[in-house]
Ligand code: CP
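Shown below, as structure tokens, is a lone chain in the form predicted on its own; questions about how it binds or moves come after it.
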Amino acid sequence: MNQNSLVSISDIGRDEILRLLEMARRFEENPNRDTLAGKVVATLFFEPSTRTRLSFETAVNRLGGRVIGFSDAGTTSSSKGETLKDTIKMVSNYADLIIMRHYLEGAARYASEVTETPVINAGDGANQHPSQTMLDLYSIYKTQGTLENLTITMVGDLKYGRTVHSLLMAMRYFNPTFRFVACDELAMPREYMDFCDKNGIRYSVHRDFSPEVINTSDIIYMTRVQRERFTDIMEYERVKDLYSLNNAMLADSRDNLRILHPLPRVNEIAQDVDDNPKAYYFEQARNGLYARQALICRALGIEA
């Protein structure tokens, strides 16, 4: 396993997070460089993606590198029965870095263990999404001026939402207070609440997305109820529209409040929120370019 692989946000500590955020800031000032001249990056997406794949590939292109890979596993030898191990070892012959999204939890960790080529996890099932976490942290830092002592409300699919799991783990260094707003079927898994307990992180659990919760939040992190994670379509239909944010609900919220969402959205944020200056999800997506440029350079051992 290459020590520069990033499989879980827990693979890096507080100082490394802050260093990466500073790198992202510098890339935002100057995203077009020749830093990756001569480097080849493989993007292996066994699961559909728009923002993550395109921002990673844009990051490589803007840094002067080259991209190989696939966005549809059905066009690869895995559709013929090739094992993940064989795919990773084969691709390692061609690339300096592997960026992988997979539908199975733990797939990225396994991939990192069968190759010396660095691996960046671009999402593995409902488990982790560390590159999304870095752009979330960068977005929070840009809008709040700090990561310290913030009240962060997570809303919607907290069971399968790998982005909220990773963000929760990363924020342990910065004394947050979390509100978990979800129905019983989509509640934050016990293991993550145990993580909060173990690390002295304050949190509260809510079924109601109430004005009190909204008006005392610094960050509201909305999530999509992910149909693709449900084996029972009737259960999905019951819960998909339980939590929705509209512009009127923000009338008495804090001036510094920002609305984040990993996208894509469905019905959980109304279109009338888009023009509110507290809406930040499209800027958040743009920040993914700079955060992922920083992560790519880290994986390749390049200071930028």
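All residue numbers are counted from 1 along the displayed sequence. None of the values given here were measured: they were computed from a predicted structure.
Below, we refer to the form predicted together with the named molecule, which is not included among the displayed structures.
Among 267-275, 63-71, 26-34, 43-51, which stretch has residues with heavy atoms no more than 4.5 Å from the named molecule in the predicted complex?
It is the stretch 43-51.
Whether Q132 contacts the named molecule in the predicted complex should be assessed with a 4.5 Å heavy atom distance threshold; does it?
Q132: contacts the named molecule in the predicted complex.
Quick one: does H165 come within 4.5 Å of the named molecule in the predicted complex, counting heavy atoms only?
Outside the cut-off, so no.
Can L242 be called a contact residue for the named molecule in the predicted complex at 4.5 Å between heavy atoms?
L242 lies outside the contact set for the named molecule.
Test of understanding: in the predicted complex, would L263 fall inside 4.5 Å of the named molecule by heavy atoms?
Within the cut-off, so yes.
Residues of stretch 93-113 in contact with the named molecule in the predicted complex (4.5 Å, non-hydrogen atom):
Only a single residue, R101, comes within 4.5 Å of the partner.
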